[in-house]
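Before any questions on how it binds or moves, here is one chain, the form predicted on its own, in structure tokens.
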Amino acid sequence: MPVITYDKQLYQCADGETVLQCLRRHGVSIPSSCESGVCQTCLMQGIRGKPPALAQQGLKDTLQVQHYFMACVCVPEEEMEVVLAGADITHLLEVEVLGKEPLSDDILRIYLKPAEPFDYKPGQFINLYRPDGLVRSFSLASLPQREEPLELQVRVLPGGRMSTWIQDEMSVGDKLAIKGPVGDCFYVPGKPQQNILLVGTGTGLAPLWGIVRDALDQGHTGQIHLYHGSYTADGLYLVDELRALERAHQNFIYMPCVDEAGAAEAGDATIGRADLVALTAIPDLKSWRIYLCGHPDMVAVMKKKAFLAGASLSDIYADPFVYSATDNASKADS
């Protein structure tokens, strides 16, 4: 009979008993509703031990690989340590600043080296702590399988408390703290022939840069279309790297987009909002996997339009960069 660890306490499961039933029997209150694995009110995460497949049915694949499960239908097959969904199971980790380089006039690429092994998926994000405690969230653009240092892409905003500090004061060799990883906007193998559409604005390119390279590294054979939008051509970056990736992989298409206001300086970029250009080019998104990152309005609108164009909600992964109320800086300070 497996043992369940919850909140540092051990509970013995009876034969055929679910995690929810076990915890309830021992007087532990867990949110629940339908108790049939449908409503997901009792969603939990296994941080040690693997939940059975039945307890993960209906969950997004990104949640499944992080060992989320429904406690009401989870009859454990091995010892498990569990937490409620949303519980903070990460810890502060020291990182060293390895490098800082410009990607455009107002975007910096930052390289960080963790002091200990750090398990993450490209496209997830971390919280970065300034020495005085100020914290901002930044997406991970690097690939762990290539043993790359953690890569962040930071837009420097006038008045941005974190981004201006990173630009003006943060130096190579500095020791900072991070916490994470967080988020379910990342590539999961298993459907290599599924077509993928990625749409990002601003530094929403950072997670998409990681996701695209991760998918290609893992042998994805379906079409991969990346649309990156900016108000002006100056906001486009990694153009040469993405063009090189496009030349190296026949199934990858990169489409930089510039709003009509910046048309005069667009160069070879397509004129129009990235989300609208993408929907015009691919009006039928049935069976496609969708990744949306960047401005929250674009993400919200495109998520709805992708669904109406045939995409399943379970195949839509969104990462809106929500703005900070204190300094008008977004999740990625962009």
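As the structure is a prediction and not an experimental result, all values here were calculated from the model. We call the rigid core the largest set of C-alpha positions that still match within 1.5 Å between the two forms. Heads up: residue numbers just count along the shown sequence, starting at 1.
Omitted here: the form predicted together with a small molecule. The next part is about that form.
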Counting only non-hydrogen atoms and a 4.5 Å threshold, tell me whether 153, 159 and 163 all contact the small molecule in the model of the complex. yes
Can you work out whether residue 187 and the small molecule are in contact in the model of the complex, taking contact to mean some heavy atom pair no more than 4.5 Å apart? no
Given that the partner is absent here, does residue 28 sit within 4.5 Å of the small molecule in the model of the complex, heavy atoms only? no
Taking the small molecule as it sits in the model of the complex, is residue 136 near enough to touch it, meaning that at least one heavy atom pair lies within 4.5 angstroms? yes
Does any heavy atom of residue 10 come within 4.5 Å of a heavy atom of the small molecule in the model of the complex? no
Which pick from 282, 271, 300, 38 sits with a heavy atom within 4.5 Å of the small molecule in the model of the complex? 38
Counting only heavy atoms and a 4.5 Å cutoff, which of 67-75, 241-249, 201-209, 218-226 contacts the small molecule in the model of the complex? 201-209
My question is whether residue 272 is one of the residues whose C-alpha shifts by 2 Å or more between the shown form and the other one, given a fit on the rigid core. no
Residue 297: CA shift of at least 2 Å between the shown form and the other one after core fit? no
Superposing on the rigid core, is the CA of residue 287 displaced by 2 Å or more between the shown form and the other one? no
Please check whether, in the model of the complex, the CA atoms of residue 316 and residue 36 lie closer or farther apart than here, given a change of 3 Å or more. closer
Relative to what is shown, are the Cα atoms of residue 290 and residue 38 closer or farther apart in the model of the complex, where the gap shifts by 3 Å or more? closer
